[in-house]
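Only one chain is shown below, in structure tokens, and it's the form predicted alone.
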């Protein structure tokens, strides 16, 4: 396992994007965010996924020059067409639009169609928190998960982020509607380890913790069983309907790697109706109570959602970002 400085990782990713005629402002943003994802511990949607992004660009399903185009706007609501642009730059733009609308109306909702993978969902939650706002964002995906009680995949493991700003540490939940993301399964397979709990079904239809078996069957387990499956369906309808874009079913008919997804970005300007000091007091009290929980294990530790990423960031800034040699060799081969 390599340990590379953040600046080296970002600079290398940026140089590779230039070989694909990526505009400088897009190359800088994408390279920064993907390096940052790995820096803060989301390796599956950081450096590890970069070769797949380059493959998608080469296949023509990611347009590095595209920018979102406004389709319609009404008050605090808007929808955009992403023109199959880079997922990170499209999503960042739309979150900024939602934040701008929330500054005016107290809340802003922007839906986006015809876009690509946004990488780490938490990015857009932190984007809102940086401006003192809460956020709810979600995306649909290709059919990659069976609904509860089914064998064949007809719903997506649609990622969701919910974020709440807090001076002592933003509270951010970043999760998919599957018990584990496919990226987490791929990372476990790469590292030769099993999942901590059941992740999906093997070829015999039995629950398994073996990531290789789940990757083979593509029968990933919904979060909360039938509850995660139900949430996946309604999030898909909201994303497709608000954006006038593809639902998971429509994405499954496109063929090729995942592209043309629909996303929703909601920013909530809490301080329009609540004094900042009161909001901070309420949030601190809730987090303090949570952290006072008794851990199951003797030396166990309770954390709030998003707390570990700060610690991983500090560790990786000091020691370097851990990167698999095989993945880095693939990335540098593009130069």
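In this text, the rigid core denotes the largest set of C-alpha atoms whose superposition between the two forms falls within 1.5 Å. Just so we're clear, the structure is a prediction, and the values are computed from it rather than from any experiment. Residue numbers count along the first chain shown, from 1.
Below, we refer to the form predicted together with another copy of the chain, which is not included among the displayed structures.
Note that among 119 to 127, 184 to 192, 84 to 92, 260 to 268, the stretch whose heavy atoms approach another copy of the chain to within 4.5 Å in the model of the complex is 260 to 268. Proximity of residue 64 to another copy of the chain in the model of the complex: non-hydrogen atoms within 4.5 Å are absent; the residue sits far from the partner.
Taking the partner from the other structure, another copy of the chain in the model of the complex has no heavy atom within 4.5 Å of any heavy atom of residue 69.
When contacts are judged by a 4.5 Å heavy atom cut-off, residue 254 does not count as touching another copy of the chain in the model of the complex. Of the heavy atoms in residue 203, none are within 4.5 Å of another copy of the chain in the model of the complex.
When another copy of the chain is considered in the model of the complex, only one residue from 220, 99, 78, 142 comes within 4.5 Å through any heavy atom, namely 78. Heavy atoms closer than or equal to 4.5 Å to another copy of the chain in the model of the complex belong, across 145 to 162, to the residues 147, 148, 149, 150, 151, 152, 154, 155, 160, 162, ordered by sequence position. Superposition on the rigid core between this form and the one not shown places the CA atom of residue 182 2 Å or more away from its counterpart.
Residue displacement note: residue 109 has its CA displaced by under 2 Å between this form and the one not shown (rigid core superposed).
For residue 195, the Cα coordinates differ by 2 angstroms or more between this form and the one not shown after the core has been superposed.
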